[in-house]
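Just the one chain here, the form predicted on its own, laid out as structure tokens.
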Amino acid sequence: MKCTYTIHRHQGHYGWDNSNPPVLTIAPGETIEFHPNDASNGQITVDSTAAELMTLDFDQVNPVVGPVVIDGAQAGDALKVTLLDFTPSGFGWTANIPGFGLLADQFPDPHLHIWKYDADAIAPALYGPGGRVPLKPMCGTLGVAPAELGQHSIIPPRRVGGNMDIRDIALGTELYLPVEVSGALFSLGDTHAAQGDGEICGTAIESPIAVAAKFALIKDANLRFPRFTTPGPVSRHLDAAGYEVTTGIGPDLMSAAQQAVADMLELLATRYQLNPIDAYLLCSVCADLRISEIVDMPNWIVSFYFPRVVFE
């Protein structure tokens, strides 16, 4: 779609800092088309191999484009960001990066999968022997500058948003972010062609995708944390054939999540003749972790939903 402004991949930064010079100032109601790079900042290409994961420059990981000043934004306001359009590139990657991910101790070696998909039709992307992953372009990182001085890593999410990796921050979603500094200083990046809830291996289908967004201010909203509204159902695109579901049960949610995922990897490896590491990457882009029960102390239940449509 045609937007009021365009911001390109070279107009960005690598850390939240309220002293970052803005690349643009806009009025509420105006629109921007953002063109971020992928999460590797172009270090991973269609010809890359797993060995290159060991030489990644992590100072360049998760770049965002911006920041943008929204005229009139003040601390205590909320910035409303409406995601209007996604224009995918057709290229993506998913990786197991040593030391990163939910099961990092079980998968210590680098592993890389390169994706090629139909950018116009957004058709399911092929994976392994017979796998087809439905695509849902979304934005992993959206945020505004924190009030605390200095540069802060983009990797962890924080009160003002950032690297939230919520798969339903997608087309039509309205995101509300707490503003802590004058002008808000909004930035965006880390676009994905598809991601499961939890992003268990630490990467989704990392893909350069242009994002069009509209901005508005909610004065004196005093949000404690981000919130968002979706335009409709959030999982129907994967529900057609049902799910395989594994569970983890115990007093620690992290351990329960790890157990639920480990059991799913074993199921997929056995049923579909996948290497466990390939099952791990596949689940990161399309399977969903859910807290199913958290009231019957001392044990909680985490469930892991794998969409059967991927292989049916």
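From a predicted model like this one, the values you see are computed outputs, not experimental measurements. One rule holds for the numbers: they count along the sequence shown, beginning at 1.
Just so you know, the form predicted in complex with another copy of the chain exists too; it's not on screen, but the next bit is about it.
In the model of the complex, another copy of the chain lies farther than 4.5 Å from every heavy atom of residue 269. Among residues of the shown chain, residue 259 is one whose heavy atoms approach another copy of the chain to within 4.5 Å in the model of the complex.
At the 4.5 Å threshold, heavy atoms of residue 292 reach another copy of the chain in the model of the complex. Although the partner is absent from this view, residue 299 contacts another copy of the chain in the model of the complex, with a non-hydrogen atom inside 4.5 angstroms. When contacts are defined as a non-hydrogen atom within 4.5 Å, all of 199, 233 and 303 contact another copy of the chain in the model of the complex.
A single residue from the set 150, 108, 130, 242 has any heavy atom within 4.5 angstroms of another copy of the chain in the model of the complex; that residue is 242. None of 27, 254, 54, 46 but one reaches within 4.5 angstroms of another copy of the chain in the model of the complex through a heavy atom, and that residue is 254. The stretch in contact with another copy of the chain in the model of the complex, judged by heavy atoms within 4.5 Å, is 219 to 227, chosen from 181 to 189, 219 to 227, 88 to 96, 113 to 121.
Counting a residue when any of its non-hydrogen atoms is within 4.5 Å of another copy of the chain in the model of the complex, the hits in 157 to 174 run 157, 158, 163, 164, 165, 166, 167, 168.
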